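Quick heads-up: it's one chain on its own, the form predicted on its own, in structure tokens.
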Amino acid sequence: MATTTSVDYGYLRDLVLGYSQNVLDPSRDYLFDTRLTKVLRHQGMTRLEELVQSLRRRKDPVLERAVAEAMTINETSFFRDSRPFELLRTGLLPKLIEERRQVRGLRFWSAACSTGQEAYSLGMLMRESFPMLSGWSIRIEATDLCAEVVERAQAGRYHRIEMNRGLPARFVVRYFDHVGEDWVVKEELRKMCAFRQGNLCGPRFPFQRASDRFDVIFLRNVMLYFSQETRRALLANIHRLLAPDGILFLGSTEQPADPSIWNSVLAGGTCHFRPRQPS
């Protein structure tokens, strides 16, 4: 029986890098065996070497994308690492709201939103802590590389284990309907969030228009496997989209690749970043 070779794994690593810019170390090759099981099944295959042979024989963008998406990390939970949310509630959003009194609107972006918990957490934060903004335009955009998790986010349907991770009981009652063994996001919260597929490192950035401008961007735990060059390019695009007084949250261990265009601010036990304007 043929076995998967180091050359096969190298081919798959290069494929993932080309599509998503995720740099996978050879020590993590075992992940291909577990995460590509569903892709193999859909293709009527049983072994990775069959998949590699098929990809080598002919160009198949749909299959290539399926492989790259399967290798993305989709770990998330409601109010994951509560400190950024608490800092927004107590210190950052009140100031932003005061600055936006004339436009009466706020725009958020949950980049790499996975199955949607981060975006819905932002919606619940706004509903709970700032009810006086009911007449404002509060828009939460959310994007992810993987089509499958975007579909789950749009459905807003979560299992009991997912609900038990970081979500206060009172929020479950107020913002979810119990349907069978799952909980489904209520319409008042769902309509605040817009989910769609988007590649942060692809040839077309998810937001292109000059009018695309965000007040708060969550780009947390996204760049862990990116090269320094990819991080620099991504954060330059983020800088372009963030309002001059806007706020960027990265993961707790992440830093901007180009500190010359960002000011770091330590507050509330966490760090956020402000765009540095040209002098």
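Residues carry their position along the shown sequence, with the first being 1. Only a predicted model underlies this, so the values are computations on that prediction, with no experimental measurement involved.
In what follows, reference is made to the form predicted together with a small molecule, a form of this protein that is not presented.
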query: Answer range among 54-62, 240-248, 41-49, 217-225 for contact with the small molecule, defined in the model of the complex as heavy atoms within 4.5 Å; finding: 217-225
query: Listed residue that, although the small molecule is not shown, lies within 4.5 Å of it in the model of the complex (heavy atoms), from 194, 73, 172, 155; finding: 73
query: Of 145, 93, 124, 140, the one that lies within 4.5 Å of the small molecule in the model of the complex (heavy atoms); finding: 145
query: Non-hydrogen atom contact residue 199 with the small molecule in the model of the complex at 4.5 angstroms; finding: yes
query: Distance check, residue 107 to the small molecule in the model of the complex, heavy atom within 4.5 Å; finding: no
query: Interface membership of residue 185, the small molecule in the model of the complex, 4.5 Å heavy atom rule; finding: no
query: Residue 89: touches the small molecule in the model of the complex, heavy atom cutoff 4.5 angstroms; finding: no
